[in-house]
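Heads up, the chain below is alone and in the form predicted on its own; it's given as structure tokens.
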């Protein structure tokens, strides 16, 4: 059985911080389909449209009939572990620092045999379930887990390398005033986070709920204004070297289309908070987090951006807000590429209308803060890059995948109807 991980001792400032290294990076174009599925936590393999044979590893032509019509589809992630081995020596720098490393061969119920990473609680000959996860290099890899959950299962060192579990990690939530901040802080602490920092802009201005937040054990409220470069840099200088998970929940929203406004004051504020705020945070906290991607139990693990699902497609009744979210989404993709060198994941959590004052005129369904927090914790524990929270966000994502142009017309008619 997996031994539970213990809280790490206070770090010796003179001790070496382990330099982040990455697993092998080379992948074929076909294999990137596995990565795309892993970003959303889906177990997908290629299936031949001609003969129906399930393919593994990813390839350009069917192993049975040589058809090139191979479609990525969800398949049953179950099988039997038929062989195991434990690697004790490796020339690869990443694996050399993490040995021993278990691997095994699983005969899938769907057909092919898969060589995969192996959870420490899996036994040879036993039934297992497979998951598709992103490794530290950001590529999809397959790992076998016990068919039934075991005690301390998430503490397996190989599984923890594929995830961003908050347990024993220190979390920064950038906007303490946001309606979702209390739920996020509570969820992080319940997930095992050792400390939750909350950023507070304009600390001189009182706001409801501050005393309750400050009274939570493990919570520290610190000055942070995402519209002020100096504020972001000062806080990064104080806690940047011990921020393991950063959750950017700061956003500014005002309803209205382009023609409803006679100036650019609110649109400018939306860009200042939603886009430039993310840029300031990235420049201030990103380098330190990237350098700590291999720093033991509480290494830097993930950066989370909470975005509107309309970052994918503009809703004309919130035109400029959606534009600022699209800009933030584009920037998050660049941030993901830069943090990948340190093995730090960037997760975008897409939500539909949230249960707050600015979305009150809109009809249900709406995303409650507690639901958003649950989705965020689940996404971190699974090491995902893309999470869609709520019916509206999931519906928009599915329609966008099918045909973005059709969705543009549908959303445009809804928004102006």
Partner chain sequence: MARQPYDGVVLAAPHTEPYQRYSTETAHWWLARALKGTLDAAGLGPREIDGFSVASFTLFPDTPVGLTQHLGLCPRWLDSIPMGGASGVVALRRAARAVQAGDADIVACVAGDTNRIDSFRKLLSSFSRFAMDAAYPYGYGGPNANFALLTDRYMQDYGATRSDFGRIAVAQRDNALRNPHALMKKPLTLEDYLTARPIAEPLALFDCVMPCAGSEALLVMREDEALRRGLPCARLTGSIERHNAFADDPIQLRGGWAMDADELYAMAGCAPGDIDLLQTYDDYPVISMMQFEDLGFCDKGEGPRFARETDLTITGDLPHNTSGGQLSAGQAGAGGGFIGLVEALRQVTGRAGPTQVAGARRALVSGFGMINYDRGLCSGAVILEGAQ
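Just so it is clear, the model here is predicted, and its values are computed rather than measured. Residue numbers count along the first chain shown, from 1.
Just so you know, the form predicted in complex with its partner chain exists too; it's not on screen, but the next bit is about it.
> Only one of 322-330, 193-201, 138-146, 306-314 has heavy atoms within 4.5 Å of its partner chain in the model of the complex; I'd like to know which.
Looking at the partner contacts, the answer comes out as 138-146.
> Would residue 59 count as a contact of its partner chain in the model of the complex, using a 4.5 angstroms cut-off between non-hydrogen atoms?
Yes, residue 59 lies within 4.5 Å of its partner chain in the model of the complex.
> Is residue 82 part of the interface with its partner chain in the model of the complex - any heavy atom within 4.5 Å?
Yes, residue 82 sits close enough to its partner chain in the model of the complex that at least one of its heavy atoms falls within 4.5 Å.
> Would residue 370 count as touching its partner chain in the model of the complex under a 4.5 Å heavy atom rule?
Result no; residue 370 lies far from its partner chain in the model of the complex.
> Might residue 262 be said to contact its partner chain in the model of the complex, defining contact as any heavy atom within 4.5 Å?
Result no; residue 262 lies far from its partner chain in the model of the complex.
> Name the residue from 404, 24, 13, 9 that puts a heavy atom within 4.5 Å of its partner chain in the model of the complex.
Exactly one listed residue reaches within 4.5 Å, namely 24.
> Taking its partner chain in the model of the complex as the reference, which of 124, 229, 152, 220 has a non-hydrogen atom within 4.5 Å?
Of the candidates 124, 229, 152, 220, 124 is the one lying within 4.5 Å of its partner chain in the model of the complex.
> For the heavy atom contacts within 4.5 Å of its partner chain in the model of the complex, list the residues of 103-127 involved, in sequence order.
Residues within 4.5 Å: 103, 104, 105, 107, 113, 114, 115, 116, 117, 124.
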